[in-house]
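Presented as structure tokens, the chain that follows is alone, the form predicted on its own.
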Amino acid sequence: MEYDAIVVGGGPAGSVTARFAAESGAKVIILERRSEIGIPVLCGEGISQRIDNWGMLEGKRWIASKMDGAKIFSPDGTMVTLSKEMAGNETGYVVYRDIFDQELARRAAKAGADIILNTEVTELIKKNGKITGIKAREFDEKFEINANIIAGADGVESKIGKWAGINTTLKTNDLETCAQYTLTNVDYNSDYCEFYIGKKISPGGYIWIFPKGENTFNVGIGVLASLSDSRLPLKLLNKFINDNPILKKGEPIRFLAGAVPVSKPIETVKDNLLLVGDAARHADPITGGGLTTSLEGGKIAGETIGKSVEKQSFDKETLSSYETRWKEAFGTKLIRDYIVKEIMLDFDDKTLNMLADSLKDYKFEEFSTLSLVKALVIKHPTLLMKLTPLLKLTDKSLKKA
């Protein structure tokens, strides 16, 4: 088989990459190791309403709930409320991820992309130092596909990047281990996503409650791998639910577990290969949320592939425009949020309570890392030394703010 581009992985990043490459005239195939796109669900299912402006999805069948914003609770229960415009990439919609992923794959197929399921890529084919295709296995059948470009959208455990020589190693303090229940029969109404922070609640991470429709909620936890063992996330999540008089009456209808990167982005282009989504470490280092950046980055990757095919130029120099564009779109924010994550790891629960108390009545003109830093330094000037690394990534200094 011969293709212009092979996309390894049929999640949101892979499907969007394939769609925009196909719409640009490239012959594309998606290889997905699972037997069904979108199954199993692997996230909290929150995404920004900004996607309404991108035209990537049709209809509303993929929407479970529409949110008014987010509420953040400190260890002592102090609440900071943010509107949906200010709450970041993980609030706006709570989606049905299986339907969401399948709709993105449908749009890729409509654009002309081929899709093969139950297929595991086992090796990159290299000739004279250049990647010329892949070896794969569908059930017991082994086969090869030749292509000019390979796109790795194979998630946090990306093998494609590693085989290409990209350093994909994640340190334990750059990885969140997660667990989540979907609970039904919960007698609670909310139009907000809720986040609970604190070292005792969730070391290095947070617990979330996302409304998923009538009396149904996603209740999950992310714990920094360097601060836990494999059993701790579920233990803390169960405790949180059992200590909550409303949640503990709910009945589980789904459980899932997984991991998300909370690292800096890595090298995303190597010769004629590129990485997208979690494989590129494009998840937000503070929240672990990666749906919005997967879509945004996938679109850029697909358009880059299309231009490469049009020019019949498949080297790193041509594909590097992908890296340039995603860095302009959201790269600075990811680096900035990584610094914030590292700073927050030094905050004990007493400090988090103090900060929440300072911010609970603060009127944000916008919610961004810069506006948050401004608010904290105004309230607590002693934090200035800890927060100064962020100044290198902002357009204005705090002294002028």
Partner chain sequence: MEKSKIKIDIKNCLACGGCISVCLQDAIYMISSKANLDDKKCIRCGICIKTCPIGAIQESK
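Residue numbers count along the first chain shown, from 1. Keep in mind that what you see is a predicted model, and the values were worked out from it rather than measured.
The form predicted together with its partner chain is left out here; the points below concern that form.
Although the partner is absent from this view, Tyr188 stays clear of its partner chain in the model of the complex, with no non-hydrogen atom inside 4.5 angstroms. Using a 4.5 angstroms threshold between heavy atoms, Arg33 counts as touching its partner chain in the model of the complex.
Although the partner is absent here, Gly258 sits close enough that one of its heavy atoms falls within 4.5 Å of its partner chain in the model of the complex. In the model of the complex, none of the heavy atoms of Ala111 sits within 4.5 Å of a heavy atom of its partner chain. Taking Ile125, Leu117, Leu170, Met79 one by one, only a single residue has any non-hydrogen atom within 4.5 Å of its partner chain in the model of the complex, and it is Leu170.
Site annotation in the model of the complex: the residue of Lys142, Lys130, Lys200, Arg231 reaching within 4.5 Å of its partner chain with a heavy atom is Arg231. Shown here without its partner, the chain carries Lys162, Ala225 and Arg281, all of which come within 4.5 Å of its partner chain in the model of the complex through at least one heavy atom. The stretch in contact with its partner chain in the model of the complex, judged by heavy atoms within 4.5 Å, is 175-183, chosen from 189-197, 309-317, 175-183, 267-275. Residues from 129-157 that approach its partner chain in the model of the complex with a non-hydrogen atom closer than or equal to 4.5 Å are Arg137, Val156, Glu157, in the order they occur in the chain.
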